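In structure tokens, one chain follows: the form predicted alone.
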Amino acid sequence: MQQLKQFWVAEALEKDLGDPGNPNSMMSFKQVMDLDEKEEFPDEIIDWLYNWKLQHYYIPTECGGEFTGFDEFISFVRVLSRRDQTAGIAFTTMFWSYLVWMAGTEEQKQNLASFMKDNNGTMCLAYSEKAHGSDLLGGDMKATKVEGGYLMTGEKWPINRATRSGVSFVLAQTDPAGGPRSLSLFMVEKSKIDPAKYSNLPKILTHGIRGSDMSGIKFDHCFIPDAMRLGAEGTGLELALKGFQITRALCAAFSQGAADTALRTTLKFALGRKLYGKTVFDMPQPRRTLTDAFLDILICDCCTYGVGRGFSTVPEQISAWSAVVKYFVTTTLETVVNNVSVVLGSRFYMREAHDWGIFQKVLRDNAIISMFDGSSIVNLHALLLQLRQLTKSRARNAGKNLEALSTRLSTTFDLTQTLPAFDGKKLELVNRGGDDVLQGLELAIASLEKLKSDSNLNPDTLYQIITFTEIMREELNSLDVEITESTFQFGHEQEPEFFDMARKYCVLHAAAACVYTWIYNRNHLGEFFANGEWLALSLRRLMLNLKPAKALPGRIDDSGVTQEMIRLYNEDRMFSIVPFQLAKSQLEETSTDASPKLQLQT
């Protein structure tokens, strides 16, 4: 397999962090479980990451950093999150810096870049309020204009890293009569405001990510200079919503790291645990559960890397793509963690019996990801508001500009292609130009038909891939009719049936992303990826969300997928379409008899 540059940082970080199964390594399972038991913030881990200079990869190169693309970012966040979501989430609050890279002045960008690189600085997002939740326009935080700045009064809660961050991005009302233009966004640098005029609220005890700095911040007529306002007065809501498009999509990386550990630790148990004269893994039902979990991770990979690269190729479409990924990937991987817990039996509920209890921590921590930056319902709502326009665009653009569409899809999904630089100014609040992923289904089917002459492909596997893709097209056409004939009206009080349409759209988008990822990477992601069995099985899993099993082609032999899962486990590689090298396993926990070198027994 070709070494892809966007995975180098993740591999280097993995190597230096060392084996998480070794209690003496940084971010080892034992270390993060000890911190979790004491509900302590992971200071030592965060300091280590700063010393490693990981913060440089959150800063664009034009601002003096090392960030080049979101697919690179996704990969190293997965590395952090597979070990500890508490530390991964705490360090990654830095991705709120994109508000400044998108809308800040040159002086604000340089100040923030220096704060991050030279002072190990971080930031938090202060949008929500206890009384108003996600109703941003209904907030009580005020910023009253005075000479040279504003007097800020109000309280934001709950806020991740509110107490420990040096910069708070605060959304406040600057014009009570301004409607959607009533809010402005401020980059509040705590070191430059009167400490007597603001205070941090007490730590909040949480179900998961127990060591996090989850608290709040309160201002009392605190003077905020004009220089701390981001963008023009009244543009706060627009900037906030565009920032969510970035962070919501990237939240998927947290879930993918957690799913990797959930599957890896469960495999370790299943391969070593013996019942009825054989290992748990030898039994058909647990083996199928684990294989399906692996397939779900691959499906989510295609979606997440697709949107990560889409930021650079089709930023004007990201309002829809980010909502799809935030909903589909995080909820799918929550289900994966829950599904494999059944294989662990009662062990999943114990806090120290297997791998220091990391599975139980993953189960608790990962449950919050689908709630971050807008819950699953909020994201489905954001998507369904765009469905009618997306349907109209698909009809209007059918059969037109196919060469340009093909080029955009190729650049987005071919992992070897160089991406244009991300330009945050091109993000749109709503998608007006259509969705390339579903617009291009006809192109995908044409490409698949041409593969019938490829003697390296199993004809039965290719038949299934083509058949499932044609089913996707039929389901999309049916959904278009459903959307067109619906009585949908804009607003917050939507009927549950409209949310079902949005869920169906997410499934179709995910399935199409898998097909493009395969078409454009068959020649450089290895033999397993190229033979397409994983794709045929994945598409069938996705279509089961839309049609009964009897209406679909039968499940093909999945033994090749199972063997690949075991190979990646034995070689310490990420469960991924790009299985980059993880830190090598060195020490075995004494309380388990599993061996990482066990071979597939079928």
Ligand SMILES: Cc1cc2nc3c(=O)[nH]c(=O)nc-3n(C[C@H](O)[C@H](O)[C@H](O)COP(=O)(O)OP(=O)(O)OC[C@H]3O[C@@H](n4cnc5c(N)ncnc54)[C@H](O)[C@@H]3O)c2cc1C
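The first residue of the shown sequence is 1; numbering continues from there. What you see is a predicted model, and the numbers here were worked out from it, not measured in a lab.
The protein also exists as the form predicted in complex with this ligand; that form is not presented, and the subsequent description refers to it.
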query	finding
Residue contact check: Pro225 to this ligand in the predicted bound form, 4.5 Å heavy atom	no
Contact test in the predicted bound form: Val507 vs this ligand, heavy atoms, 4.5 Å	no
In the predicted bound form, Val430 touching this ligand (heavy atom, 4.5 Å)	no
Touches this ligand in the predicted bound form: Leu125 (any heavy atom, 4.5 Å)	yes
Non-hydrogen atom within 4.5 Å of this ligand in the predicted bound form for each of Pro158, Ile368 and Phe499	yes
In the predicted bound form, segment of 317-325, 374-382, 447-455, 392-400 with a heavy atom within 4.5 Å of this ligand	374-382
Residue among Val170, Leu263, Val77, Ile209 with a heavy atom within 4.5 Å of this ligand in the predicted bound form	Ile209
Sole residue of Thr144, Gln110, Thr163, Ser134 within 4.5 Å of this ligand in the predicted bound form, by heavy atom	Ser134
